[in-house]
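Let's start with one chain on its own, the form predicted alone, as structure tokens.
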């Protein structure tokens, strides 16, 4: 495959710069609002604009879909993103390393914090049923799981970490309004620092808007996004425990 350095969006033809955007405006639908929507797209630097869909949402709101083109491109060589780059292990390898080399059972406290009531991602990793054809961490003999569920205050997560003498905290965050996911994660990290527990704990977060770059920004060790399997999380935990022991 030919290496591509410069990347530009395309629709009908390669590198034509075609883009589709959608957004709402806090005004009722009208000829004036449609023109306002096109001007919003123009201020984003798009050209050759076409308003292809508009709908009144009621309560003085309206929605728009606009096609446009951009002349800009991105140089791939300038992009550097932190990633979780660790050897991938299977169920048996993970348990064998924990049992015979590390000689320990890993205690994990998991929760969805704040007002977030979404537990599908958390359960996919922790519950026995697992995800993607893999068993969840509850089925791993060398893991002991405390799944606190949804809408758990950070203070309760902290208490459980202390009470269970946890090795790992796994926090799932789906809701992102007003950056609530970052605030929740940062607050827990601050609580752990205050109790002088942070350095001895592996902190992992996950969710549809989470990656390792976000995780590092809020003081966590790793972040996992959609499609993550239990063995990927377990592999990170084992490799991190080994790294810390050898450090």
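Numbering follows the first chain given and starts at 1. Computed from a prediction, not measured in an experiment: that's the story for all the values here. Note that the rigid core is defined as the largest set of C-alphas that superpose within 1.5 Å between two forms.
This protein has a second form, the form predicted together with another copy of the chain, left out of what is shown; the following refers to that one.
Stretch 72-80 is the contacting one of 72-80, 87-95, 102-110, 159-167, since its residues have non-hydrogen atoms within 4.5 Å of another copy of the chain in the predicted bound form. Taking the partner from elsewhere, residue 209 is found to have a heavy atom lying within 4.5 Å of another copy of the chain in the predicted bound form. Proximity of residue 198 to another copy of the chain in the predicted bound form falls outside the 4.5 Å heavy atom cutoff. Interface membership of residue 135, defined by any non-hydrogen atom within 4.5 Å of another copy of the chain in the predicted bound form, is ruled out. Although the partner is absent from this view, residue 233 stays clear of another copy of the chain in the predicted bound form, with no non-hydrogen atom inside 4.5 angstroms.
For the stretch 16-30, the set of residues having any non-hydrogen atom within 4.5 angstroms of another copy of the chain in the predicted bound form comprises 18, 19, 20, 21, 22, 23, 24, 25, 26, 27, in sequence order. In the core-superposed comparison between this form and the one not shown, residue 73 has its Cα shifted by at least 2 Å.
A displacement of 2 angstroms or greater separates the C-alpha positions of residue 64 between this form and the one not shown, with the rigid core held in common. Relative to the superposed core, residue 225 undergoes a C-alpha shift smaller than 2 Å between this form and the one not shown.
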